[in-house]
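The chain below stands alone, shown as structure tokens; this is the form predicted alone.
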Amino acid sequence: MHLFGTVRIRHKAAFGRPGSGGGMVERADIAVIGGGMVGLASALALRERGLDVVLCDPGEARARTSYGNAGVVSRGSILPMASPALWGKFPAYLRNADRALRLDYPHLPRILPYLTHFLASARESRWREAAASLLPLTSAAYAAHERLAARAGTTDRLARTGWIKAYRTEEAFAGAALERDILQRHGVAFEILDGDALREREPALVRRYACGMLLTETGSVREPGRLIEACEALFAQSGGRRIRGSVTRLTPGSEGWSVTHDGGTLAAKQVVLAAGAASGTLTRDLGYRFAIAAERGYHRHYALHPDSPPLTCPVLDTGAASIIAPMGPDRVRVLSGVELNARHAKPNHSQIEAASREAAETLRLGGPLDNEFWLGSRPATPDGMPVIGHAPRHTGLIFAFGHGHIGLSTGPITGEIVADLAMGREPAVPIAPFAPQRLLGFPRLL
């Protein structure tokens, strides 16, 4: 059987060897831990380069952050959450009075390194540096999505729709002047629409906005969960193997890595850690304490009213701190702001309930299409940039996590970067700014 040209897929039994308990230990060239967009894209890119790949993931599709994404693939996604505008909103954030952010105070001491570094990053100089670093990654994102969609058979779900940031007042628009300046300096295309032009561009909007910014180079993925499913099928068809279980430990050895999971042990020459917000737990036992946090977010699907025009592109309502994204001609996904809390803490629906009320005044909505709200945890770094690169103190371990809000968007290009690293090649996208070392230990306030 031949796949990807000349790659020969050997029988699974050829990779077994006796374990210490008498059972067989499965073997692979490389293990990829995490089945979200980053992990799947990495596994597919590695298979395409001829490596024997085992993907380790519990298989809980709805639990993956990629499943609940707004689907935005934008060259302009270069502005991290830690913006200089944070300081003006800080009192409201502390009181949980701004829907963009909800703090769970008992959890905050556990992410003190993240919070310290996050506040230090909320300066104009750092914001500009991060934008310059992220631009090559986001600029390559859409083309990588096109390549992946062509292989997975999902080109009908990817389109250059643009996306809109809508402002309810002229004051709110003026307050985003620095954002527009940075985008313009980096050649990110956008158009400013007044209220009438915005309504003409998106007739589904019934709320009156003062103006909007249309990012014209942006694409979107309709129903990101379907893309994930297609990538899973493609991985299986390509001869990739899968372990449906949680990885509990990574142990380095003389011949590679021992990957302990719910069902046993896997021996791999290399490991890619792309487990999103769970990555920090696995790195801790290896001596890496990353300043990262879980940014929880919620969504719910609603039908559009039968008499409503379709929504053609995602819309960020800056006044509601929420996004409405089309998932088809007659349904939309409403997404909440950020909640800083433990990954497995009890859900708090206050933000998504507020976002849903606002959405009902923004579009002509029908009823909800879900029995319950969706909840996922984004792997967030304080400077808003992912962790991509070789582990500083361990051979054969590649980090690929911490993408925050751009995991779905930059997942396919990250997968290509990971495959280059595993093959000892120089990635096409510069990754020095994403080096793991920058987030290790307790950061200093500079």
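Throughout, we count residues from 1 along the sequence that is shown. This one's a predicted model, so the numbers in the text were calculated from it and none came from an experiment.
Not pictured, yet referred to below: the form predicted in complex with a small molecule.
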Have a look at A275, L316, L266, L205 for me and say which one sits with a heavy atom within 4.5 Å of the small molecule in the model of the complex. A275
Residue within 4.5 Å of the small molecule in the model of the complex by heavy atom, from A355, L134, V247, V188, is V247
Residue-level question: is T65 within 4.5 Å of the small molecule in the model of the complex, judged on heavy atoms? yes
Even though the small molecule is not shown here, does S322 get within 4.5 Å of it in the model of the complex, heavy atoms only? no
Answer with yes or no whether H405 is in contact with the small molecule in the model of the complex, where contact means some heavy atom within 4.5 Å. yes
Tell me, yes or no, whether R47 is in contact with the small molecule in the model of the complex, where a contact means a heavy atom of each within 4.5 Å. no
Among 365-373, 94-102, 296-304, 206-214, mark the stretch whose residues have heavy atoms within 4.5 Å of the small molecule in the model of the complex. 296-304
